[in-house]
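Next up: a single chain in structure tokens, the form predicted on its own.
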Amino acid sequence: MVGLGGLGSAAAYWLARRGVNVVGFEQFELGHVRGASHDHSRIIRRSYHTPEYVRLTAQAYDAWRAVEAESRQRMITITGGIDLFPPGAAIDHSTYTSSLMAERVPYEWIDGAEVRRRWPAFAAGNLVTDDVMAVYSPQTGIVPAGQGTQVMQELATARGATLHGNTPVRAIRPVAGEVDIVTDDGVCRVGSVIVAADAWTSRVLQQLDIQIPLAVTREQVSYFPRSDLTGFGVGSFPVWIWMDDPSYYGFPVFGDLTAVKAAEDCGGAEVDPDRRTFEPDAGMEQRLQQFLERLLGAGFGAPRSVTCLYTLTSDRDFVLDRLPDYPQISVALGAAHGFKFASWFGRTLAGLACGEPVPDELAPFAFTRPSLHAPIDRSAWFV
């Protein structure tokens, strides 16, 4: 296992469940904050822009429930969620409604007046007007990013996995159907390897003379304190996504019980993952606060921001496949919307690593698909 963020930790867990001898390597400390698997919360939802993704979300929930059952810790907090489409939105609402209908997933198509009636916090702003429409999905919720990753690491270790933090992988070398993993501590030969290196994926693949277009961006989420959080708690406020360009999203109060969390999707600059700064981007904070006040009214204080990295493919679809020339090497990449699927990724990767046939459902995520190898196009990220 190369990389022990959310996807790699999930793979370690699901392999250990199978009784496989698992060894994993993480270049930083376990639970580090340099990538994309830290902080309190990520969105989990059934609403997606293709029937294939909607179908997979059912498995995502199921795979997280398995982690809940073994750990006896809550992994999914149901909040309900709304995807908000202003007039002329950059994102086509019909792709969502048709995909949900195709998979017979319950949803409601409601207008801005109904949004304000159900969740009065939106009435304090001026953005959710009557002509704003929304997909309401009652199954939307939150999965805990940092906690979920830690829990899967602990479960994997309890089942016999050996997970090494602060151990960079210097090379992976295919050898006669197996793989040598080279670290500063020596060489470890394994029957198969899973690369779940996220922002460092290109550096690992370059060792095999393989390249795919990837953009690594520095993003941030912000916690906005408020003296009165009435109406913003779980049960009275939904997860929300503003389905336009720029696209924003936010949560009810969760994790940090003094603030409301929100962020801009794909709003950051491209960076080198080893040279990025951890200081908040003041311009992004200001842009987000102005939007949040238009959406939810005044009363929010200066935010506390947490940075993270997005690793984006040309089509913003996942990578989940064996390498064509090296079937003993599987690659997983969540394309900056994968954490909700993390446990499913792990379960699926375990099958690939054990030599099972590639499921038909993985065809959109194949390494050989033409759209993965197209030049980066930012417009493809807004889905």
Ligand SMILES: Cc1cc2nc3c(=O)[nH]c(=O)nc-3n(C[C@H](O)[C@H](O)[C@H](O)COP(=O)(O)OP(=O)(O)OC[C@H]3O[C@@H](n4cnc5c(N)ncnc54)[C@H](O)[C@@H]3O)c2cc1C
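The first residue of the sequence shown is number 1, and the count goes up from there. Treat the numbers as computed from the prediction; the structure is a model and nothing was measured.
Keep in mind that the form predicted together with the ligand is missing from the display, and what follows is about it.
Using a 4.5 angstroms threshold between heavy atoms, Ala350 stays clear of the ligand in the predicted bound form. Contact check for Ala36: a non-hydrogen atom falls within 4.5 Å of the ligand in the predicted bound form. The ligand in the predicted bound form comes within 4.5 Å of no heavy atom belonging to Phe365. The ligand in the predicted bound form is approached by Lys340, whose closest heavy atom lies within 4.5 angstroms of it. Taking Gln27, Ser314, Gln328, Thr57 one by one, only a single residue has any non-hydrogen atom within 4.5 Å of the ligand in the predicted bound form, and it is Gln27. Distance criterion of 4.5 Å from any heavy atom to the ligand in the predicted bound form singles out Cys308 from the list Leu84, Cys308, Ala161, Ile194.
Heavy atoms within 4.5 Å of the ligand in the predicted bound form are found in one stretch of 229-237, 124-132, 294-302, 216-224, which is 216-224. Residues Ala196, Ala197, Asp198, Trp200, Val204 are the members of 190-206 with a non-hydrogen atom no more than 4.5 angstroms from the ligand in the predicted bound form.
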